[in-house]
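A lone chain, given as structure tokens: the form predicted on its own.
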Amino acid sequence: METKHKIELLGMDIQALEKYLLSLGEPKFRASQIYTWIYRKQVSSFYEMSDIPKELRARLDESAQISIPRVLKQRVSQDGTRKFLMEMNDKKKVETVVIPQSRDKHTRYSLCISTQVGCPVGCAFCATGQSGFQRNLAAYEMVGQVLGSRRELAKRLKTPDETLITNIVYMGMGEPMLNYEAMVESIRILNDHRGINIGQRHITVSTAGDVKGIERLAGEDLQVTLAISLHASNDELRSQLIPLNRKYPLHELMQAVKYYVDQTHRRVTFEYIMLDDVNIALEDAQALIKLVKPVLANVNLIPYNEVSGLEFRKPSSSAVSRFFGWLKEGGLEVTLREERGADIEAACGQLSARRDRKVR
């Protein structure tokens, strides 16, 4: 027996929902009601939509669906970071990380979401790339990670607060720029004040250096933060660490960054993973200063989070302090990222949804 194809309502904006409800012979205002249930209350069952007539709820259940991904497993770090293993409709799985912004009991959270199942870039130090690439996520699946995380967090913390998650970072599994259209579509849905209502300046898009994506993002009239995974300031080392550098070497990347800054007047963040005995010598600092100083940018240093099976090691705290000091003395705007979630493999570069990994 053939299964009837259902219309996916998650990912629709208000105009698309209105069009769909009109096609069913329903008034437009029903779209606003359903929009609120989906995006403000993260409800995926039509039967919970108490202000919708029962007959319409039954019709919607027959013809449509709201595919908020379910959380299969959860791990909680000692610092309060939570990692969710989420399952999509086709049984593909991604990891999503919820990070508390402070130690306060009533803190808000940042959410690190995935844009692909696996990753095709294959950075040498990253667990996600080692697990291979399976497919791109749709915009509704990215939005679904936010709603699913918010629902799970509210349940775990026993609070109905709709504003628990205030910041979104496209820095989970995958390279966002290689799934560009879906990523931008999801940003616009997350930003809509009638729904999830995450401010554009509270959204960060991270890239390993996809020049075409950076140039396209410059023309989107978005006030998001662009973060670029740099990790080396010479082409030889960067190509070893990030294979994408062979396609877009540093001089092309920096031209794209300057273009982005000129178009948007937004400061760019360069992410720099500190690898012991690899990229934190004095000459690395000097080259990094020379490369970044002409640009409106800051550098975010990330001590490496070790991944089982990979040869890279985390530097000592004294080595981290020394490298940080050199960059500050050189006139760069520098921050040092506080390690979050490493004890549950939820830190930068540690995400992977392979089935053979233990997720408690």
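In case it trips you up, residue 1 is the first one in the sequence shown, and so on. A quick note: this is a predicted structure, and the numbers were derived from the prediction, not measured.
Absent from the display: the form predicted in complex with ligand SAH. The rest refers to it.
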Partner absent here, but in the predicted complex, which of 160 to 168, 70 to 78, 229 to 237, 180 to 188 has residues with a heavy atom within 4.5 Å of ligand SAH? 229 to 237
Check E215 for me: does it contact ligand SAH in the predicted complex (non-hydrogen atoms, 4.5 angstroms)? no
At 4.5 Å between heavy atoms, is V97 in contact with ligand SAH in the predicted complex? no
Find out whether any non-hydrogen atom of V307 is located within 4.5 angstroms of ligand SAH in the predicted complex, and reply yes or no. yes
Considering only heavy atoms, tell me if E141 and ligand SAH come within 4.5 Å of each other in the predicted complex. no
If the cut-off is 4.5 angstroms on heavy atoms, which of these, N279, T207, N245, S149, is the one near ligand SAH in the predicted complex? T207
Go through A64, V295, I302, L56 and name the one with a heavy atom inside 4.5 Å of ligand SAH in the predicted complex. I302
Which residues within 158 to 195 place at least one heavy atom within 4.5 Å of ligand SAH in the predicted complex? Y170, M171, G172, G174, E175, P176
